[in-house]
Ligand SMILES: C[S@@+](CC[C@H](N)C(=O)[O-])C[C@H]1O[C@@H](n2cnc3c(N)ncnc32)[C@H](O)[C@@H]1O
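Heads up, the chain below is alone and in the form predicted alone; it's given as structure tokens.
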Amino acid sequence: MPKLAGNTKLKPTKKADLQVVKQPEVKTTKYSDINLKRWKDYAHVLTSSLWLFPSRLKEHGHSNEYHGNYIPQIAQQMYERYTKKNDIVLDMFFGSGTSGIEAINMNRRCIGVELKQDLVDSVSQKFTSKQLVTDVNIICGDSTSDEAAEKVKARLEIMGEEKAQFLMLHPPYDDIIRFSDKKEDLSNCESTEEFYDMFEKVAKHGYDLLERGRFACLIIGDSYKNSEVQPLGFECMNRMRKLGFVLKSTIVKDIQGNERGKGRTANLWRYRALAGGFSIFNHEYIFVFQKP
């Protein structure tokens, strides 16, 4: 204890002299770090059913070199609203790695399953050697197979978890874009009905690997085949509900400006639409589910 100079005497502390530092109140859900006591601070978190993004993010590790990848803004919104820091995101159609890149950016972890070995090799270059051990695990495999599900379980155990805390599903939109020549590829199904059945197998694995009470996101658009609309979004949504998922949100996202140029607004497409009686797709769906 320091010595007091001269005849200095200690004065009793009065209650009024004490400065009480009030800690900010925190109220969160079991699945998010959003502080509901300060909900007005989260104006950037979208809660509407119509999402409009003028362009795709191309910074912080993201690029648009791969056709068919979803925009990073979706991952940003989903992760902030439905995950906590250090949670594990499971992406059963990993593709060019959007889910993993944004997991790193937002202090989450990710396990991705990708069918094509060459894509696994190229996407792995986007992460450091340390990140590929501790934060992002990429599995080359068929998401419809039990073998891939077992590999995910093994990776979860290595990462200290029994289940994933969020599920991301962005399958091919039937055969609109052919991603490979592999028969296991959902873009190579012989019929749309086969596509639905294969998707359901993937969703079933995702359901089994997801922690109870946690959320899943399905990103998908419809297709136009045999002179009629194929409602891929709603059928895949119904398949997930059949598995036990509870539908929480149906979001319509504008895809204009988010895709690589496909001539959707060119005169040829307008002519085809007028001649065929259909409308040009300018949207896709984001379905949010919860596992009870």
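Each residue number is its position in the shown sequence, starting from 1. On a predicted model such as this, the values are computed, not experimentally measured, just so you know.
There is another form of this protein, the form predicted together with this ligand, and it is not shown here; the text below is about that form.
Shown alone, this chain has one stretch from 128 to 136, 149 to 157, 74 to 82, 164 to 172 that lies within 4.5 Å of this ligand in the predicted bound form by heavy atoms: 164 to 172. No residue in the set Val89, Ala203 and Gln290 has a non-hydrogen atom no more than 4.5 Å from this ligand in the predicted bound form.
Contact with this ligand in the predicted bound form, judged by any heavy atom within 4.5 Å, is made by just one of Ala216, Ile111, Leu115, Ala103: Leu115. In the predicted bound form, this ligand lies within 4.5 Å of some heavy atom of Phe179. In the predicted bound form, this ligand sits within 4.5 Å of a heavy atom of Glu184. Though the partner is left out of this view, Gly221 does not reach within 4.5 Å of this ligand in the predicted bound form, counting heavy atoms only. Residue contact check for Asp142: one or more of its heavy atoms lie within 4.5 Å of this ligand in the predicted bound form. Residues of 93 to 130 placing a heavy atom within 4.5 Å of this ligand in the predicted bound form, in sequence order: Phe93, Phe94, Gly95, Ser96, Gly97, Thr98, Val113, Glu114, Leu115, Lys116, Leu119.
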